[in-house]
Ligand SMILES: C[S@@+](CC[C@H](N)C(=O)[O-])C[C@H]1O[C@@H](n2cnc3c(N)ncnc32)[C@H](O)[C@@H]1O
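The chain below stands alone and is given in structure tokens; this is the form predicted alone.
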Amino acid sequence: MERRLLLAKELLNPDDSVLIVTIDEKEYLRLGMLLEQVFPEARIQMITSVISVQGSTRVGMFSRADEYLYFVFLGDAEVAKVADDMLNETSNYSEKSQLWFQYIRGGKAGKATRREDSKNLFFPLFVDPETGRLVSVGDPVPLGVSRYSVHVPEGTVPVWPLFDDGGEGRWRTGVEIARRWHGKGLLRLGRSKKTESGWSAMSVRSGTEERIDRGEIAVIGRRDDGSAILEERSGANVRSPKTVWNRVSHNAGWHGTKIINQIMPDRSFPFPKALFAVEDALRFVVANKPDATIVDFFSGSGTTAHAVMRLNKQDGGRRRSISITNNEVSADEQKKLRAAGLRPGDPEWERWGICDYITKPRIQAAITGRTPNGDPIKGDYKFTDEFPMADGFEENVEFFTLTYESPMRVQSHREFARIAPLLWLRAGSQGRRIEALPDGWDVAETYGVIDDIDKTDAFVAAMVANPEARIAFIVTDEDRFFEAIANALPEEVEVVRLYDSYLRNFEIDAMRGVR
């Protein structure tokens, strides 16, 4: 643990960052002392979180129902105020702070949810399929009239209140309210892989509209589709979360193990954390940081990356999640594999490792909305943002395998492809990745690399012509060549020298700083 914390300290921004560590009751005292030793300059708080009301039996002792979270605050980092204090059920976050809901009444056919139960609540929403913008709200369709007979404006597709099985349902409100909410940006559409139209509708509730009118909730902007971006105003029904969290959404069995089973029905992982618990823990420190980078260097089943996807979807953020794990095979599985004559490194051995068997498939399934077998994921996400898990997320992901490489081979350009992902990550993980330098240089969307000094003029011209390229990696051992290229580049471009400094800057030394 000390080695990991020392590495984390090098990654954390001393001016504004947060470290979150979870632990059970057996080790929390030692961990607390270790954190104070490694981070003497930090503000440290410990949270008690109920993760299982059923409790976990300890023979002859109290039944364990909680775990502990240490928050280590560096620099100006602080906890965002929210609408839930995390302790009192009367201020349940899932009820008070949730601002967007499925517009269809009920998730499946039932009492008062069908078209015939409310004849004026069955009408189309016309959406532009290219932009996702809600164009107009149609008129109610009388009972007995087929929805297929309704005129559809050119350039739009109709979105109807339909159940997963295709049955006709009803919306939550009438046409007048729907049109008013459309005008205010309080009705929006999102892509769905489960609906007939390919779209699903989300809306606020009447109470939310009233809070907007009272100024308790602010419209701080508009999404590309014209819908409102909402935010609780500071001091308006918001508060600091308490140090004891007691939320149904944090139950590790219901919202950890069960979600894993839904995403990967044929695979299991011992004691995964509740997705919504991790989501809340992150929200409190990155709510006001839509471009934050979250690093999980012991990612396990990939819950942190999954939680970051949900946070981005909720507020349109572009937070990046970097998940790191080994590909360790469980002890029981190792016995079986060794008995079969297999050893670490064999493909048949590695496929059962935690990364290849759990972490990667879970992250990929969360984004695509499909299980590793290709089936749509069953069930819905709950609480802060409710939508079908099969809808997936508008995210991208890259998987890398870290290897040990000889610096001499890298310096001689025989292994450039090995470090290419590191350069792309360093440049922001966006756009095309430079995989090779056949012409001695290349410039992608956000960065450029040059290793042939004779091509300096062309490289500088390409960097100048691309204002989005903010980092230049220069491969040279000559100080004067490096300085000449650096001086020719625009001032806003960050210049990084390869290889004599870059490899040392990014080498991993777990014992660094250990006395």
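Model, not experiment: these values are computed from the prediction. The first residue of the shown sequence is 1; numbering continues from there.
The discussion below concerns the form predicted together with the ligand, not included here.
Looking at 328, 435, 117, 225, which is the one with a non-hydrogen atom within 4.5 Å of the ligand in the predicted bound form?
Going through each option in turn, the one that passes is 328.
Pick from 140, 317, 376, 300: which has a non-hydrogen atom within 4.5 Å of the ligand in the predicted bound form?
Partner contact (heavy atom, 4.5 Å) among the options: 300.
Would residue 169 count as touching the ligand in the predicted bound form under a 4.5 Å heavy atom rule?
Contact with the ligand, no.
Within a 4.5 Å heavy atom cut-off, is residue 161 in contact with the ligand in the predicted bound form?
No, residue 161 stays farther than 4.5 Å from the ligand in the predicted bound form.
Is the gap between residue 124 and the ligand in the predicted bound form 4.5 Å or less for some heavy atom pair?
The answer is no: residue 124 has no heavy atom within 4.5 Å of the ligand.
Close approach of residue 250 to the ligand in the predicted bound form, 4.5 Å, heavy atom:
Result no; residue 250 lies far from the ligand in the predicted bound form.
Quick check for you: of 170 to 178, 212 to 220, 271 to 279, 184 to 192, which stretch puts a non-hydrogen atom within 4.5 Å of the ligand in the predicted bound form?
Going by heavy atoms within 4.5 Å, the stretch is 271 to 279.
For the stretch 348 to 381, return the residues whose heavy atoms include at least one within 4.5 Å of the ligand in the predicted bound form, in the order they occur.
Residue within 4.5 Å: 354 only.
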